[in-house]
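First, one chain by itself in structure tokens, the form predicted alone.
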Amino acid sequence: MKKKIVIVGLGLIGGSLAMALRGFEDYEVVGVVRRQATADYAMAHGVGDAVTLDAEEALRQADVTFLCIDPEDIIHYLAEHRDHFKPGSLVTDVCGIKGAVMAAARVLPETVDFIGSHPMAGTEFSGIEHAQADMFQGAHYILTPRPNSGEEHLALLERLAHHIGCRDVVRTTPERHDDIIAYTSQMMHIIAVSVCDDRELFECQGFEGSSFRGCTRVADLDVELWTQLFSLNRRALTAALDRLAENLDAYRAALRSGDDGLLREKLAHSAARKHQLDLGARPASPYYV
């Protein structure tokens, strides 16, 4: 009898994961959804091997459970279903915030292992209709284990990450994850929406270049999801924005001074740091947000 991977939530990431995981070792991939229309779409488009609306029954049979829902929903789901997970099973998630989720996972019985996960992939779109089997190709897969997480479960997640196309697996702490993601992802979204708040936005049509389109691409975001991600990582994101404001102020001061030498020096410094960052770097996932 095949073991089961249950994916709770077949949206953009959950749906992509269900597609990418088909054929993984001796596992059957089962999606858990709330609406029959989503189940029908999943079955018609090969999103997983099976789909059910019966969450409790699916969780009782799951050897691995992926929680692919919004972060606040994950927090409530863990509390609601704490006694429904199969003893000895692994529960994980794909959420872009780890501290709050890992804290919520403390409600689980000792017989259930929870390891935080974050595949660094996604798009500005949402919903199962945008799911892609190759979503995770070239992506980083981040793990935030608990001190007592089982090595067999960590090894399983590493094999799973490679199966879906991730280029590497990185282990870190929830706190370090949230500090870094505040800078590399969440702050980028703040920049994008801030650019779109400029009063000149609609006056620039016809003048947009690829840099403008690239900068603002992620501004058309899922408002509810990103409200949760920002608020649950408030401390780290605020610190990252404070550093950004200092750097912007330094460039504004250089421009106001009229000192082209100072401006040239700052630009050369920044460009050299970007060059150093890119040395030896491989392209990231095309579906990276």
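Just so it is clear, the model here is predicted, and its values are computed rather than measured. Just count from 1 along the sequence shown to find any residue number.
One more form of this protein, predicted in complex with another copy of the chain, exists but is not displayed; see below.
Can any non-hydrogen atom of residue 110 be found within 4.5 angstroms of another copy of the chain in the predicted complex? No - in the predicted complex, heavy atoms of residue 110 and another copy of the chain never come within 4.5 Å of each other.
Heavy atom of residue 46 within 4.5 Å of another copy of the chain in the predicted complex: The answer is no: residue 46 has no heavy atom within 4.5 Å of another copy of the chain.
Using heavy atoms and a 4.5 Å limit, would one call residue 242 a contact residue for another copy of the chain in the predicted complex? Yes, residue 242 lies within 4.5 Å of another copy of the chain in the predicted complex.
Although another copy of the chain is absent from this view, report whether residue 213 comes within 4.5 Å of it in the predicted complex, heavy atoms only. Close contact exists here: in the predicted complex, residue 213 approaches another copy of the chain to within 4.5 Å, heavy atoms only.
Counting only heavy atoms and a 4.5 Å cut-off, does another copy of the chain in the predicted complex sit next to every one of 19, 37 and 151? The answer is no: none of the three residues contacts the partner (heavy atom, 4.5 Å cut-off).
Of the options 29, 64, 237, 33, which one has a non-hydrogen atom that comes within 4.5 Å of another copy of the chain in the predicted complex? Exactly one listed residue reaches within 4.5 Å, namely 237.
Out of the stretches listed (79-87, 185-193, 128-136, 101-109), which one is close to another copy of the chain in the predicted complex, meaning heavy atoms within 4.5 Å? In short, 185-193.
So which residues in 49-73, when you check another copy of the chain in the predicted complex, have a heavy atom no farther than 4.5 Å from it? Heavy-atom contacts within 4.5 Å come from no residue here.
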